[in-house]
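As structure tokens, one chain now follows by itself in the form predicted on its own.
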Amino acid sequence: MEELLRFVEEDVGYGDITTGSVLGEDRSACAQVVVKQKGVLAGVAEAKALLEHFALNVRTLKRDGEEVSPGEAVVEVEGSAVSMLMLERVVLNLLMRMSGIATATRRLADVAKRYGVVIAGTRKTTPGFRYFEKRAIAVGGGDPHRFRLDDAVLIKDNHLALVELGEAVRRAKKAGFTRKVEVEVGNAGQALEALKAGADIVMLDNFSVGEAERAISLIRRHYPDAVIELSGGITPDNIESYARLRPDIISTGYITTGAAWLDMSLRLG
């Protein structure tokens, strides 16, 4: 709730001077949040919590994760018109952004799951809004991946620019037995080297489909229990080509950086 209230404070400033000058404090109203595009709904729980915090009566007509179509109402609100108009933009921004991410995630996850592959997000998120974007990924059927740098060990190319790969893995393994060690690699040879050093997961980063196919075959032959993640440049246009290779995970920044907002509006009646 603290983050939601911070969003309201950012938007309202010292007060909604338009609504305050046009409406009386005692004016009540009824309203609906209406969807304008087909997609997957997310953010209803957050919208409801915020509206109820300001003493508005809320009835949810659709749940997070449900598919919605143009013209459908997803939330009904009754109470102070001043409060509704004050919260309108923040509530819509939450619902539209989160639903856009959930929709993009569902689109890719539906393809990936036909091959037994998990779709995951990345840390390419909006500063200050990561929790909500990650939750939208989960609502859409994806795995949020790391929320923060203290969640998991992921040795990336810039680490390897400073420390030799095998040594980096060995140091990471010594840091504690409770966390798996993942290494981002640029070729099949690096993947084998990382696994030989004790890595649990290898991320094949920015591989072409052909390169990924050869690397996965090689890894499966020598390290059948290794977890393989594909990442880099994966979009709706090429997701099936990569999913057919049957890695364990496909992570993609597209579901946060490329997701279009799902259009909605608040209609007072």
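Since this is a predicted model, take the numbers as computed values, not measurements. The first residue of the shown sequence is 1; numbering continues from there.
Unshown form predicted together with a further copy of the same chain; subsequent notes refer to it.
Contact with a further copy of the same chain in the model of the complex, judged as any non-hydrogen atom within 4.5 angstroms, is confined among 186-194, 103-111, 129-137, 68-76 to 129-137. Of the heavy atoms in Val34, none are within 4.5 Å of a further copy of the same chain in the model of the complex. Using a 4.5 angstroms threshold between heavy atoms, Phe147 counts as touching a further copy of the same chain in the model of the complex. Not displayed here, a further copy of the same chain is kept clear of His222 by more than 4.5 Å at the level of heavy atoms in the model of the complex. At a distance threshold of 4.5 angstroms between non-hydrogen atoms, Val227 is in contact with a further copy of the same chain in the model of the complex.
Residues Ala81, Leu85, Met86, Glu88, Arg89, Asn93, Leu94, Met96, Arg97 are the ones in 74-108 with at least one heavy atom within 4.5 Å of a further copy of the same chain in the model of the complex, listed in sequence order.
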